[in-house]
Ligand SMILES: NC(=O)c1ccc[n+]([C@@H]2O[C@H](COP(=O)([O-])OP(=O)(O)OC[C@H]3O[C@@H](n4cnc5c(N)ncnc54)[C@H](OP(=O)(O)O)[C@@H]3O)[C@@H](O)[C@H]2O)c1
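We begin with a single chain expressed as structure tokens, specifically the form predicted alone.
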């Protein structure tokens, strides 16, 4: 039995889909907070919130391998992840994989240090484990292309920092591969990123090429970029974190990686940013 937590999320759904290409749907468990949202997955659904350790332990009964997808609540992330790891121990899970962030041990952004803290909990758990340090999803930067086209600019605070973008589906396939392999991945820390790194200026140029309209990259100071996002309606904590990611992570090269570990796991080149742009524009 394979379990995927947060299975109704954008990544979780893709992992479940990738698993169904290799194992029967009856051997896949979707662990979700809201069972109604999982009715279309076509696999076994068990309801458990990250904050409920007992419900998690019950949801993982009979499961041999589990994928812990990082919680979105950054304030409670470490506690919630600890609940899942402890539940996996109680349920007798044999192998756990965790979706961390690329170069997790080097991040200066406070909100992302929870990944390194979770990695420590996983390593100390006594479980067979693998750490999947996911890089940046290309979809993170194409979701706002309508606004970019309307204003003729992509905004950011990343300077000339390079991002090794890959599609969310690439990361999902890698997670499924590791889950299916189980113990052969024990102790591995995979730095996962796209095969080719580009800058936000490169992204703007690609959007211009595909649309025939001039889109430039406007680089802003960190605080000014946060203010723009606040004016656009983002909650202040999120706006500040995103500005920090640009100025203190991307600009410092933390989302660039040349290991090709992601394409190695999925057995094909990663999805180029041009394809992600094309899909977003469609």
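All values reported here derive from a predicted model rather than from experimental measurement. Positions refer to the first chain, counted from 1.
What comes next is about the form predicted together with this ligand, which is not displayed.
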4.5 Å heavy atom contact, residue 259 and this ligand in the model of the complex: no
4.5 angstroms heavy atom contact with this ligand in the model of the complex for residue 222: no
Partner proximity in the model of the complex: residue 134 to this ligand, non-hydrogen atom cutoff 4.5 Å: yes
Any non-hydrogen atom of residue 188 within 4.5 angstroms of this ligand in the model of the complex: no
All of 70, 77 and 140 with a heavy atom within 4.5 Å of this ligand in the model of the complex: yes
Heavy atom within 4.5 Å of this ligand in the model of the complex - the one residue of 19, 273, 11, 266 that qualifies: 11
Single option in 215, 48, 249, 226 placed near this ligand in the model of the complex, where near means a heavy atom within 4.5 Å: 48
Stretch in contact, per heavy atom within 4.5 angstroms of this ligand in the model of the complex, of 77-85, 149-157, 179-187, 199-207: 77-85
